[in-house]
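A single chain, nothing else alongside it, follows as structure tokens in the form predicted on its own.
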Amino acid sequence: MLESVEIENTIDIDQIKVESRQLANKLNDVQPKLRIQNISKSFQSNNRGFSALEDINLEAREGEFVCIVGPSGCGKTTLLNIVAGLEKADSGEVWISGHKINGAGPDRVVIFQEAALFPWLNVIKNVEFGLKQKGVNGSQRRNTALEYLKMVHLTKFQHAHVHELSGGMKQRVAIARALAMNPEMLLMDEPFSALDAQTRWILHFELQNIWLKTKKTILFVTHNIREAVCLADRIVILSTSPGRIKKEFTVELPRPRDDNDVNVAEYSTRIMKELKAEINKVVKCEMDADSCVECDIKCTTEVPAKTDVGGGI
């Protein structure tokens, strides 16, 4: 009797192992939602070439929230615009759900730094706008718009006009309008950068709750490291121009996260250490030769330059 039980248990364990391997293989075979392959981009300025991005390779899973951070001019927005189809890369490819993109499309919606609402339309008509362009009938448009206005807590303001809204409310309308289109991906380019700290704090909670409800795949560009830690599953650091992927961080903190949480601060400190060298490179490039001698701002270079202030240059 005991031998029979042991044999049955052994069979069960082996079967579980087989099923686990099969599940792992299936997960490995799943196409990523976003695949960026070997993307490079340069610009011409004053007869000089400027390399913005170099050999970027990045993937995002279905429902993943990925933040891109880096110093000014590292190509964050350029990369987002390439994924959106608003700019063309010099080389490389971008794939969404296994399909190569060749331009802008309804599967990706961009939310910019400015809300870009239509001032002649009220709130609910702004949210309905994209649906109207798609030919969705009036009652269905209205129901969908109300659903997403409720999600961003603006149903009381559905008949208000844009000039009657605060900056944070405008961005919430822009988010509702984007979600109403039911895109496969949200692309967000520093949408909270122009807002005050208190409003940003509120919207960080709002966006986390929206993401938890919709599970949209989000690619989010920001300069704010603590904002990135507060929002992201994964943070990608770009190096100084030309932008290359320097390092990635996985953020393993429960949601909702608070900007002021000690664990968020700890992650932010670690990421800042990685980013500091890149910021210093930007400062060195932007400061002229005399700045480190005469300016009142403390030099941020790791080793101060030796300068002969007595005998001249």
Ligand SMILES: Nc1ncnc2c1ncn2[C@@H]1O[C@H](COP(=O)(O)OP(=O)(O)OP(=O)(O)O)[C@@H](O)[C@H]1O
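In case it trips you up, residue 1 is the first one in the sequence shown, and so on. Because the structure is a prediction, the values reported are computed rather than measured.
The next section is about a form of this same protein that is not shown, the form predicted in complex with the named molecule.
- Contact between G73 and the named molecule in the predicted complex is found at the 4.5 Å heavy atom cutoff.
- In the predicted complex, the named molecule sits within 4.5 Å of a heavy atom of E190.
- Put simply, A52 is close to the named molecule in the predicted complex: some heavy atom of it is within 4.5 Å.
- T77 belongs to the set of residues with a heavy atom inside 4.5 Å of the named molecule in the predicted complex.
- With the partner left out here, the named molecule still marks one of 43 to 51, 56 to 64, 263 to 271, 250 to 258 in the predicted complex; by a 4.5 Å heavy atom cut-off that stretch is 43 to 51.
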